[in-house]
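Below, in structure tokens: the form predicted on its own, a single chain.
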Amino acid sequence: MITFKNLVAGYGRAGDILRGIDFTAPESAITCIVGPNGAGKSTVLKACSGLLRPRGGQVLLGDEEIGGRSPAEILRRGVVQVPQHHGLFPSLTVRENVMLGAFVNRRERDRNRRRYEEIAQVFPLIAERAGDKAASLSGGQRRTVEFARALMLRPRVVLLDEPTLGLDPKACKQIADSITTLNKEGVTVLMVEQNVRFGLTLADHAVVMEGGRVLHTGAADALLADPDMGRLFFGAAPEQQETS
């Protein structure tokens, strides 16, 4: 599991974006962070993956402090981030893009090949489109390839930043299936999602943020069903709200 204790972080001289974050993403579950723009949601993921060095507090992977370590060190400990913007190399094939997920272990070719074959069984798209250029894939298919790539190192935790950004409803359904597949592999998923209904329907646990602070944590389905929470944080009751 990932635990954030009094986490403080920010960018340059702009001041603190995170102002003492406290919450836990339980092991082998899906936790979704929601809230308005500027709440600090993506900053939490960056502090967790090593892309941003915390100014205070702790980020714990199990009992181990990982806050402030380099991205490579955190990656080797089993924390993988799928970026907000599409991260595939369009001129490379699906197989080549997936194999890049094991780049830090690139000398272990036999083991990487076996792992690729395992992932191709989990995500049929990987087997079906293995030789196709990534540029030929739809938005939802590209995201699926990114999720498959994230599994190459057998991660303990996958961080997803806005997985449905810019995707149509059909692609969102494909992404939901892919995230569920990640979780069924035993991976702890911590995701940031602007599409509140999508994120909370998929998640086990929810974290509501505003102004760099955690306002609420609890079961995702309870938050989704609570009209007061919907009006307070998203401006509408959950049944009316599609995006934050």
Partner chain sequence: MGTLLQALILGLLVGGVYALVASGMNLIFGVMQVVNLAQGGMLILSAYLTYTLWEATGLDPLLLVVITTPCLLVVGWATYYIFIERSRTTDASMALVTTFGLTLVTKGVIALIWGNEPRSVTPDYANRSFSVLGLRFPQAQVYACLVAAVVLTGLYLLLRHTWLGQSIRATASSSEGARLIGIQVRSTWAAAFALGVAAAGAGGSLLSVLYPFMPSSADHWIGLMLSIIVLGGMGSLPGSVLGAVVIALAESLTSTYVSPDWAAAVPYLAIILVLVARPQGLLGARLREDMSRA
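Residue numbers count along the first chain shown, from 1. Heads up, when I say rigid core I mean the largest set of C-alphas that superpose within 1.5 Å between the two forms. Owing to the predicted nature of the structure, the values given are computational and were not obtained by experimental measurement.
This next part talks about the form predicted together with its partner chain, which is not shown.
- In the predicted bound form, at least one heavy atom of residue 106 sits within 4.5 Å of a heavy atom of its partner chain.
- None of the heavy atoms of residue 142 is located within 4.5 Å of its partner chain in the predicted bound form.
- Shown alone here, residue 87 lies within 4.5 Å of its partner chain in the predicted bound form, counting heavy atoms only.
- In the predicted bound form, at least one heavy atom of residue 83 sits within 4.5 Å of its partner chain.
- Residues are counted as partner-facing when one of their heavy atoms sits within 4.5 Å of its partner chain in the predicted bound form; in 133 to 165 only 149 qualifies.
- Residue 133 shows a C-alpha shift of 2 Å or greater between the shown form and the other one [criterion: core-superposed Cα displacement of 2 Å].
- The Cα shift for residue 93 between the shown form and the other one, taken after rigid core superposition, is 2 angstroms or larger.
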